[in-house]
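We begin with a single chain expressed as structure tokens, specifically the form predicted on its own.
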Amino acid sequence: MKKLLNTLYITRQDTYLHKERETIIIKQGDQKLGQFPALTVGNIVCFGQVTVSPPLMGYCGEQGIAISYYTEQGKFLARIYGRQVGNVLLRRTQYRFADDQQKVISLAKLIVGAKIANSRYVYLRQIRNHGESSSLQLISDRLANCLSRCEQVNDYQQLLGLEGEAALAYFSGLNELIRNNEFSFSTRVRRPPTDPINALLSFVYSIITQECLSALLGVGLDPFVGFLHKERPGRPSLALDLLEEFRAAWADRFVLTLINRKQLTSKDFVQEASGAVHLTDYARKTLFAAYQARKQEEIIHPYLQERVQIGLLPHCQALLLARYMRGDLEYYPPYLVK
């Protein structure tokens, strides 16, 4: 199994990263902020005004360490990745899959089905741990109905409609899972998020999408050719496909935990004149510390039946997808939380 390497999240402005021997040094002006063994780092994520020296970029390219750039508010800008691994035969197989509508709808149904099942699990878990709730049970039943109908769909547009219906049902009850009076949620708002919960969801989705992108590149798949998400210039469609399996079970539960444990408060967010809400620098640091700890937690992978760290789930699913496309698996087993 692949070893889970560390991710360096650089949020302090006017920071400079460079390499000295086998160590990555982080500085601000003449002040050294930290240093890390280069061999333990798998990703570097930079927010705002962060500079990376060309030698360190070259080293990261050789070692397959991805460098991602975001605005200070968390909007993804660019990504630098070194040599592409895998072989052209796997990518050509992926492109042929993407041109076969039967295979596209088959894979897209599995992805949507896993997303709905994992969304329903969030509510079933809430009912199990906190007692019966007629409203949450109703949402669970609606999601179960969507899941049942998903198996019968053989049309792409119908599948998108069903996914939208399930998402509407899922988010309609999310506010009931929030046990912190400082926060509330009414509906999903993106581009830009206009409340703290939506800001957190968008931020965490963006981070996990980059983890999925790295995992797909790592097994040799093209992250820009998807099945549920259609191709669009610059959009990592397959990484977004993979994200769907992790939205409710990983991202949403992580956000709810941060809020319900009061690790973040309403003071950790700022609202611009446009109405857009962003995390403060302190909130991002708190979130990343909790996120790194969450990635280290182990679970039993439902298909592999092995103990894996949560941070390796994108790699496991990318590996299973590659095996399916190579013909080693009869079908692709999406991640289903249990």
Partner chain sequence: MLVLITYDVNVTSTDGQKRLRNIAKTCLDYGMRVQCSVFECEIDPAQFIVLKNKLLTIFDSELDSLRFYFLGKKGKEKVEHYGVKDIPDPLRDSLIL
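Numbering follows the first chain given and starts at 1. Keep in mind that what you see is a predicted model, and the values were worked out from it rather than measured.
The discussion below concerns the form predicted together with the partner chain, not included here.
Q: Flag this candidate site as yes only if Leu5, Leu33 and Gln296 all have a heavy atom within 4.5 Å of the partner chain in the predicted complex; otherwise mark no.
A: Each of the three qualifies.
Q: Quick check for you: of 300-308, 267-275, 64-72, 283-291, which stretch puts a non-hydrogen atom within 4.5 Å of the partner chain in the predicted complex?
A: Comparing against the partner chain in the predicted complex, the contact stretch is 283-291.
Q: At the 4.5 Å heavy atom threshold, is Gly58 in contact with the partner chain in the predicted complex?
A: Heavy-atom contact with the partner chain at 4.5 Å: absent for Gly58.
Q: Would Gln49 count as touching the partner chain in the predicted complex under a 4.5 Å heavy atom rule?
A: Gln49: no contact with the partner chain in the predicted complex.
Q: Is there a heavy atom of Ser53 lying 4.5 Å or less from a heavy atom of the partner chain in the predicted complex?
A: Answer no; every heavy atom of Ser53 is more than 4.5 Å from the partner chain in the predicted complex.
Q: Would Asp14 count as touching the partner chain in the predicted complex under a 4.5 Å heavy atom rule?
A: No, Asp14 is distant from the partner.
Q: Counting only non-hydrogen atoms and a 4.5 Å cut-off, give the residues of 17-36 close to the partner chain in the predicted complex.
A: Residues within 4.5 Å: Glu20, Arg21, Glu22, Thr23, Ile26, Leu33, Gln35, Phe36.
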